[in-house]
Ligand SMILES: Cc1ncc(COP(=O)(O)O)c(C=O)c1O
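One chain follows as structure tokens, the form predicted on its own.
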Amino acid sequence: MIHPSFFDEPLNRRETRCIKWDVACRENADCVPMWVADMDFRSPDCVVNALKARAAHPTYGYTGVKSDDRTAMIDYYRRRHGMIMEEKQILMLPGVITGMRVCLHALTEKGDGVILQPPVYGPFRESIEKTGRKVMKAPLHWENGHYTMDLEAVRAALEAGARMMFLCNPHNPVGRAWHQEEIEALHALLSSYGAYLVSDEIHADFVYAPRTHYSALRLPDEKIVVLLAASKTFNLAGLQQASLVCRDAGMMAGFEEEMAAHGTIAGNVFALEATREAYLHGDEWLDALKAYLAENIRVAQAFIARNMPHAILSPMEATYLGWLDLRAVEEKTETWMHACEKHGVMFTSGTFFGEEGEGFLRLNLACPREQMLEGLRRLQAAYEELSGEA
């Protein structure tokens, strides 16, 4: 049994080439970074020990994916989410965004429309634009902090010729765990126009009771693509490992051809060791982590409601990323970013997720609780300065 104190333990990440701490906070040694989506927790001991054991072998040459890398993943997602896949349906990748670009090249042409539901993770949009495709927006519907899909906006994009949709499931940054009925309705609409569905499910493991993760892979359609990774779940993002899952053999052949054409390979010697070990033996750590994060979310919700009465934190059904609406105090995200920097705390700008994020901040709550509270106290200071409520 892993005690909550495991996650309370401060973790010094400075001087480790850490983007979150060393790059973003290099000008301010006192900064509390609550932005980029990685966690300030130690990875599971099973992963750390596996990496130490592999590092002890003094050669780090070309490394290939083996059957047990895939079977560990297959067993993990069946065990935790009821997702069914076969080895031949899995393609290893360096990252989820790489998988999105592979899909764009293999399944669409330059000038084709691709649907997004902003506010949504910025690299989705960048991937579409940088591959010469056209972003077609179907913004989520907002009501008092709660977001729902606008299927009529999706239909309008399809009528205008969209060929593909990128789904964020669970959704980053708004924290929705999409229901089965929502996924099925969306899929039915896309299918009626012959459009592809590509579902980023990197946050699948962070869905909180009573919600459960409903994967697009559970839909009876071979032409769906699901992108997965252990990187968010087990804090392995620096190792560069993800997977693409698709049941259509022809599409898989096209993906492999595109990867070969662009020199894209997977097989980082340490990434494979860490990912396989996490899938095989990381359940106990993950269960304890989710319990800790659920309490962090509860504490953050109470803190914001008590100390920032005009701010709206969207309900966090999933992820460890809070989506905070501050428009009632100040509508410009840039003003909030400067005020927060002044008070020694850093969040992700809402506009990183599109213009629909103007006036919002994204808060990373995956850190020791006292560290989170210190960051929130600094946010409160910025809030009081801008609202005049100090």
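What you are looking at is a predicted structure, and each value in this text was computed from that prediction instead of being measured. Residue numbers run from 1 along the displayed sequence.
There is also a form predicted together with the named molecule; it is not shown, and the following applies to it.
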Of these, Thr233, Gln117, Asn172, Thr275, which has a heavy atom no more than 4.5 Å from the named molecule in the predicted complex?
-> Asn172
Which one of Ile97, Ala156, Val299, Ala185 is close to the named molecule in the predicted complex, taking close to mean a heavy atom within 4.5 Å?
-> Ile97
Does Ala37 make contact with the named molecule in the predicted complex, using a 4.5 Å heavy atom cut-off?
-> yes
Distance check, Arg101 to the named molecule in the predicted complex, heavy atom within 4.5 Å | no
Look up in the predicted complex whether Arg247 has a non-hydrogen atom within 4.5 angstroms of the named molecule, and give yes or no.
-> no
Classify Ala204 as contacting or not contacting the named molecule in the predicted complex by the rule of any non-hydrogen atom within 4.5 angstroms, answering yes or no.
-> no
Pick the stretch from 278 to 286, 250 to 258, 118 to 126, 217 to 225 whose residues have a heavy atom within 4.5 Å of the named molecule in the predicted complex.
-> 118 to 126
